[in-house]
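Next up: just one chain, as structure tokens, the form predicted alone.
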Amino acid sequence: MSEFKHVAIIMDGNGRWARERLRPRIWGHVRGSTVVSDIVQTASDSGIKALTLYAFSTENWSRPKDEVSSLFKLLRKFLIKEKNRIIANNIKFKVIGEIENLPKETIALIREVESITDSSTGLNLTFAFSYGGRTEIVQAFNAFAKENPGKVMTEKSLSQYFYRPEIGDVDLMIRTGGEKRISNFLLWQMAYAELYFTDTKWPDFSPEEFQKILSEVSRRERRFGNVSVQSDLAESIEVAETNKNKKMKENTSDV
């Protein structure tokens, strides 16, 4: 059973993976889309409560139109193919981001799967599509201010206006593809997340590596800004020894 309640993944490296094989970028996205199902299943089997996948950022709109269009088609194909599996595995599915500019049939399919799985009690699976962390924070701020004029805002009250407040903060963020950035992804939710960067590009990312990362990071000591018990004890022992030696020197000099 995983100790991580919420894992977020930036699925990076599809285009570079394809170029290394002298293929067009979209070929990498197609291959990468086939990896998603296995990772979702692994997360579900591991007892993870929430898995958020960064599929398409607000900045990705600047990519070539044919690549953007292909990504929309891949999302639709994934949902058509995996809808029954999502339902059968009691997974609650949701897409976060500004998806109004997606094709109408894709939006309709997203809403259908969200509605069908709304009462599911298993893994909370979230696709961040046309998503930006700063935009989410600004929208949450504006929504709070509009609904609560004159009231003092707190972290707790503001967080209730985020896209998926029920899944809480991120415990572990994984980025594939070798880059070491968080790229405007879940900025608020990752305040105390453990970060893991792997050189493996997303099309080569496997359930085995996923499990290995979970195991490795679980051995880290998460302190949330506090001093660890081990460090505190070690420091206390060091201070005690220093004071003891100092006292012995003082007693010797008095003789």
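Numbers follow the displayed sequence, beginning with 1. Just so we're clear, the structure is a prediction, and the values are computed from it rather than from any experiment.
Another form exists, predicted together with a small molecule; not displayed. Remarks below refer to it.
Just one stretch in 163-171, 98-106, 137-145, 72-80 has heavy atoms within 4.5 Å of the small molecule in the model of the complex, so which one is it? Contact criterion met by 72-80 only.
Exactly one residue in 36, 48, 190, 217 has a non-hydrogen atom within 4.5 Å of the small molecule in the model of the complex; which is it? Contact check passes for 36.
When the contact criterion is heavy atoms within 4.5 Å, does residue 186 count as touching the small molecule in the model of the complex? The answer is no: residue 186 has no heavy atom within 4.5 Å of the small molecule.
Taking 4.5 angstroms as the cut-off for heavy atoms, does residue 212 touch the small molecule in the model of the complex? No, no contact at 4.5 Å.
Just checking whether residue 67 would be counted as a contact of the small molecule in the model of the complex - the rule being heavy atoms within 4.5 angstroms. Result yes; residue 67 sits at the interface with the small molecule in the model of the complex.
Within a 4.5 Å heavy atom cut-off, is residue 129 in contact with the small molecule in the model of the complex? Looking in the model of the complex, residue contacts with the small molecule include residue 129, since a heavy atom lies within 4.5 Å.
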